[in-house]
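Just the one chain here, laid out as structure tokens, in the form predicted alone.
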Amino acid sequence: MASAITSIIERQNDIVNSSPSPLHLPKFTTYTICNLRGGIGKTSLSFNLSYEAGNCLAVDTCPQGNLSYFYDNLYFQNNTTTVKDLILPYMLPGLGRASRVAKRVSASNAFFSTKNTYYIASTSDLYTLPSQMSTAINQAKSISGAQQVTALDSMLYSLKNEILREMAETKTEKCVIDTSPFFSGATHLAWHATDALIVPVRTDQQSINSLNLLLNTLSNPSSEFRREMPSDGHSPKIQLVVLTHCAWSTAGGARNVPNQQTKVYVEKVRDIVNRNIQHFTTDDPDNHVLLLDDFLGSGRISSALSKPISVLEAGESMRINRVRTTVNASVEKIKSELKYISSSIW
């Protein structure tokens, strides 16, 4: 095993055996789950972390609306006020401001019955937000002096201001923001609404490339993010990189050691974190890399039932697309990993 990742691998074994040491991380209120690629586990992580948090406002800024659907399977049929309704009045003066938009998840998803969890729904109309934002920002730039600064700050902090208001109204203490695979529009606003980023990275080269793209977007002066900044220059740091879809060695006595393919990506991710440590919330790269199993049957059943993984039981099964799918014993390992991630950030 490469020495650089020894502590990361040993920590994963401790997590499974319920004896992990805490990560030395600052604790924040609001996290944005982000990577500039689809299919890597952003929504699954957002959904499960909102359950683990218990007292949480979840904000869906992805126009696909999958997180909203997990909270309410009738979301696509409901005519509801959405996250775009909160943002648009900042772009188009004259529109009325919405309030009390967040909905209690337990009203539509019984698995959250013991949780004080609320969500703000997404909408496919978010696909048009980037062009509306661009027009509004260009108009603000045509104003001179302090009014320009005020107008730009108002737009770039629109989502943050609305989230803070909704958290006060719902008496929630934590917030998780799910994002789309592209940066423009609501993802840009989510970066300014957040205390820190959590970046899921799948065990493949395309996800490694998207992690590098995200870091470049954070730092490159020519990126859309750096070109459109609020007056205080706010730029979020990264709390965690969560390597998803990990697979483990089947060798006897392997003690939860990643298989060779997963190990390669752990090494790559740690190296990227180490070389870009200025973008992270501490100066120790080992604090910022955690591994999450491939959800397999557990993930498919969780998605099909809109059921958090923490309430799945080994042996649970159902037919999905005519194929019998079963939760296997590895779900207990996944539960431990999710609880550790949650305890490390809140």
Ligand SMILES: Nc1ncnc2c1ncn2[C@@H]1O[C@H](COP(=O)(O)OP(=O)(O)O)[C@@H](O)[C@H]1O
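Just count from 1 along the sequence shown to find any residue number. For clarity, every value in this text was computed on a predicted model and none was experimentally measured.
The form predicted in complex with the named molecule is left out here; the points below concern that form.
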| message | For the interface check, one of 312-320, 24-32, 274-282, 41-49 should have non-hydrogen atoms within 4.5 Å of the named molecule in the predicted complex; which one? | response | 41-49
| query | Taking the named molecule in the predicted complex as the reference, which of 115, 160, 188, 245 has a non-hydrogen atom within 4.5 Å? | reply | 245
| Close approach of residue 292 to the named molecule in the predicted complex, 4.5 Å, heavy atom | yes
| query | Taking the shortest heavy atom distance, is residue 299 within 4.5 Å of the named molecule in the predicted complex? | reply | yes
| query | Taking heavy atoms only, is residue 307 within 4.5 angstroms of the named molecule in the predicted complex? | reply | no
